Every structure is written in C-alpha cells, then in structure tokens.
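A single chain, nothing else alongside it, follows as structure tokens in the form predicted alone.
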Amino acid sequence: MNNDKLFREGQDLLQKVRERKPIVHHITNYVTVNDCANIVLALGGSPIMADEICEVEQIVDISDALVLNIGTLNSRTFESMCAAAPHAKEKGIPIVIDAVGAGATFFRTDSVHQLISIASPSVIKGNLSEILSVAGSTSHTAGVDVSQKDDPDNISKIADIAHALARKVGCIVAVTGKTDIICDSTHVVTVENGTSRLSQITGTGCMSTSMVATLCGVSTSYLTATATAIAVMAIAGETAESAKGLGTFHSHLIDAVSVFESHMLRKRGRLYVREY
C-alpha cells in the first residue's frame, strides 16, 4: 500500500457507494441517530436504524454493514447488539464498533470488550482515551471527549497503541483527533485534514463511523474504506468551516458530503500511508 494506491482505491469506493447504495444497519446512539442516517444518505448509502432484538437478525440479512455505537448504551440495546453481531459475522458483512465513552464507566468498558469478543469487528473507532480503554491501558476519559491527560498530540505514541490493538484484535483501528490515525497490522495512515469546528457540534464522530461502515459495505480493503471515510468527513468540515454559526455549519457539513466528488479526495486529501 502506498499513497497513490490509497487515493485510487478510495476514489473507486466513493463511486461504488453511489452506484450500489449499500444498506447500513445501525444499532446506535439515539442522540445522533438522525445525523447518522442523513450522512449515510448524503454519501450515497441507505441507512436503516433497527435495535429491536426481535428483528435485528432479519435486518442483518438484508444489510451490507453493521454499526454498533455505544454512545447511549443500555441493557436492551446491548442485548440487540449481541444478537446482531454474530449473525453479521456469520453472513460475512463488516461490523464497525464505535467505542463512545469507553472507560467512563464499567458498563461501557465491559460491554465494548464483550462486543469485540462476540463480533470480531472489522473496525474499532474512537478517540485516544476510548481506544486506550479498549486496549486495556490506563486512560483519563472525559465523558465522550478525549482527555488532554492522555497526550492526544503524541502521534507516534497513538500510532503504536492503535497498531498494537489492530494486531491483537485482527481489525482496523481508527483513532480520531487533530490528526486521525488508522492502522491495520502492517500499515498506518494519517489524515491531516479537518477543523476544530467538527468537535463543537454533537454527532460528527458518530457520523464518521456511519460513513466508515458505508464504505466498508462496498469494499474488501477496510483500511482504505476507513481512511477514506474519515478523510471525507474532515474535508467536508473544511468546506463548511466558513459558516457563521454552528447550526449553519452542521447543515453545510451534510451538504459538503452530499456533493463530494471522488476526485476531491486526491485534490484536497492530506492522507499519508506508511508500512509499520
């Protein structure tokens, strides 16, 4: 994998999404569920939000990817996740886990570890504090936000943690932050696009996860799919940055994803890949 191949494959995936309209099953955060649905539509996919345990297996049967987002986790939705995950694994569709708030409580932390064990996920995504918790390291999670005590500016350290977790679990690990870091067992990709305004509205992390799953739903390279999705969100944030207020920024962000053309990935993306 090199930069040119990453851009080429990423552009192809963006086109495939609009052609194939993958169905993305979400068991997700009720604070951001509407944003997640709209961002999948903006990217070209087809979202479905279904967390009733009686139907999750049937929904998985018609889906191309599964999102498990623990942002507003409760006992009922956890049981639904535990039912959907092995069925998705058996079907062979990608499973993306967003470890929102992992480390904040025993319930969240234990639940995400159980889900990883059950699901064998394709992608695990979170901020540094969340990924530290998932990796079993000491973290200083600040609710659903990254803690400055966890040194989020130390790119080399973050890459080492993500790479080790990727090798241990056998999946892609994405750590979002000022510089986004995406690892598999042999590569690390950094994404240097973005704007601080993305952290000023609720839901951009969850939306990114939904985009990751959408692209994974048409891909066999989950590293490329994950890096591309995170880059598109970051570039869209830059495009929307001129909006005067946060409400306008929010709507401009979705607009920017909806009109994103594949060639813009290479033109504007600051993605860098290297072997580990």
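Residue positions are given as counts along the sequence shown, with the first one as 1. These numbers were taken from a predicted model, which means no experiment stands behind them.
Only in words, not in the display: the form predicted in complex with another copy of the chain, which the text now covers.
Across the proposed site, Q114, S120 and N193 without exception lack any heavy atom within 4.5 Å of another copy of the chain in the predicted bound form. Heavy atoms within 4.5 Å of another copy of the chain in the predicted bound form belong, among the stretches 85-93, 199-207, 162-170, 175-183, to residues of 199-207. I155 falls outside the set of residues with a heavy atom inside 4.5 Å of another copy of the chain in the predicted bound form.
Though the partner is left out of this view, H252 does reach within 4.5 Å of another copy of the chain in the predicted bound form, counting heavy atoms only. At least one heavy atom of L73 is located within 4.5 Å of another copy of the chain in the predicted bound form. Among heavy atoms of E55, some come within 4.5 Å of another copy of the chain in the predicted bound form. Contact residues in stretch 38-58 (any heavy atom within 4.5 Å of another copy of the chain, taken in the predicted bound form) are N38, L41, A42, M49, A50, D51, E52, C54, E55, Q58.
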